[in-house]
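Next up: just one chain, as structure tokens, the form predicted alone.
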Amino acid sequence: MTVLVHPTALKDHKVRDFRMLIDGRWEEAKGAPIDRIAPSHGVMVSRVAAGTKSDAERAILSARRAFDVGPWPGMTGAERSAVLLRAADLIAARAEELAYLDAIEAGKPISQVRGEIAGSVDIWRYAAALARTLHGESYNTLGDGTLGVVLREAIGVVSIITPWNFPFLIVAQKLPFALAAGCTAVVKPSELTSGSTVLLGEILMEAGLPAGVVNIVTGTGPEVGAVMTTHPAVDMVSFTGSTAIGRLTMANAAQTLKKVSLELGGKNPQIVFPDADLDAFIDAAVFGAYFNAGECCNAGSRLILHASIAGDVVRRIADHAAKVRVGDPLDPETQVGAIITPQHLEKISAYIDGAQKTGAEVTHGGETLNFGMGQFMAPTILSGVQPDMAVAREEVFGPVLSVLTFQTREEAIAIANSIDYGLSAGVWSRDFDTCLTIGRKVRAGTIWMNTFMDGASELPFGGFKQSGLGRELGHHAVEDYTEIKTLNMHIGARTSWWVPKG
């Protein structure tokens, strides 16, 4: 039985109207605004400007001017770092306001979002440090007549497109690194969860960012995002979202050969051997599957259990899952909040129905929860899942855990690698050889060993295969927003190529 935290009617909530930031000015859209209905409470909580193609074009040209003739790219690393540090301090000062917006617009538990905002502050401060340490190379080993210098220069104008599941955290994984490198940007948050990103625009202006360096255009992907991925004045696109839209983004950017960074979907396995610390694993399995209601590209949505322990482990996970608190995201005790839209809830339910029809068994949950408002899904466990089932291969993006079994280490690796995704994976064993072998053989960008979904600003994040291109976070993240330029300097007289006859 799931522990329910019933949402109560919102009190003293004032619907907030959010405008766009273009060239340092706050602007309304010409068309009707987009109303956001809270997924947890079923009432309107915000309105955002429905940006148009022309709004996106103006924002891009503003960022282009700010890069070509503005002060930001030419500022010292120390000067850019100071602005990013002020922004981090202002984010921390407005943390509760930002957390409330993400909780109410995305249906995320407020305690979880507070952690995400704190993590974002750390990322901004880390990026600020990288602004001062970004450097090139020099080569004085090319002979007495040559000195080579390799520069890292800001790539230019970056289009940043972020999803609804981590509205503030994901923009923090992109924007401060682009700014640290000296780039300018146009940011499009999801139309479902734009509030905290618009507030970030206020924070950046207060921190002293020059006009036009960051522009924020709200609206839909077809209207705004399409322009941001095709416009010739954009040099790079950084996108987080579904693999399907990532392919479209890459195709759009290819028209003008833009650099592309993509953080896409995942179907992440946790491989568990009989010698594992099962107490620690059970907690990690429940956390990995149901954190953020499973609406997480890094969710541990596939358990690959050794057959000898599968029955006992599934029973223990079900007992643990029954204690997870589901419901009102504004209650600090809630662990699983609302599903983002009614349509997405239907999609999750369809995956569960399809799995049952092909032979899987619902061991726990499986039902939608009726609170009389909003949309919620019980934490769900599907046993008897086979590697060829859709629920074992496709990203459900909900609180659904698929359980598969294996007999040998080689079989576990084959199952883990048998799908199109390669974002992350976990391995649980007290044997170092087992952990290291899995870590080297499973094709994924992050392999956790005896833990799951830990992270730090210093550690790169990104995927193999159709989970994306490039890496966010880590010291290489700022380099992604640069181009390399070679200065080949000749010293002294140059030997003539033309040798006269006789």
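Note that residue numbering follows the sequence shown and begins at 1. Computed from a prediction, not measured in an experiment: that's the story for all the values here.
The discussion below concerns the form predicted in complex with a small molecule, not included here.
Student: Among 154 to 162, 120 to 128, 69 to 77, 399 to 407, which stretch has residues whose heavy atoms lie within 4.5 Å of the small molecule in the model of the complex?
Tutor: Of the options given, it is 154 to 162.
Student: Does the 4.5 Å heavy atom contact test between Leu85 and the small molecule in the model of the complex come out positive?
Tutor: The answer is no: Leu85 has no heavy atom within 4.5 Å of the small molecule.
Student: Quick one: is Arg325 in contact with the small molecule in the model of the complex, heavy atoms, 4.5 Å cut-off?
Tutor: Residue-level check for Arg325: no, no contact with the small molecule.
Student: Spell out, yes or no, whether the shortest heavy atom distance between Ile245 and the small molecule in the model of the complex is within 4.5 Å.
Tutor: Taking the distances in the model of the complex, the answer for Ile245 is yes, it comes within 4.5 Å of the small molecule.
Student: Taking the shortest heavy atom distance, is Lys108 within 4.5 Å of the small molecule in the model of the complex?
Tutor: Answer no; every heavy atom of Lys108 is more than 4.5 Å from the small molecule in the model of the complex.
Student: Identify which of Val314, Ile104, Val171, Leu264 has a heavy atom within 4.5 Å of the small molecule in the model of the complex; exactly one of them does.
Tutor: Exactly one residue meets the criterion: Leu264.
Student: What is the one choice in Thr334, Gln270, Thr240, Ser196 with a heavy atom within 4.5 Å of the small molecule in the model of the complex?
Tutor: Flagged contact: Thr240.
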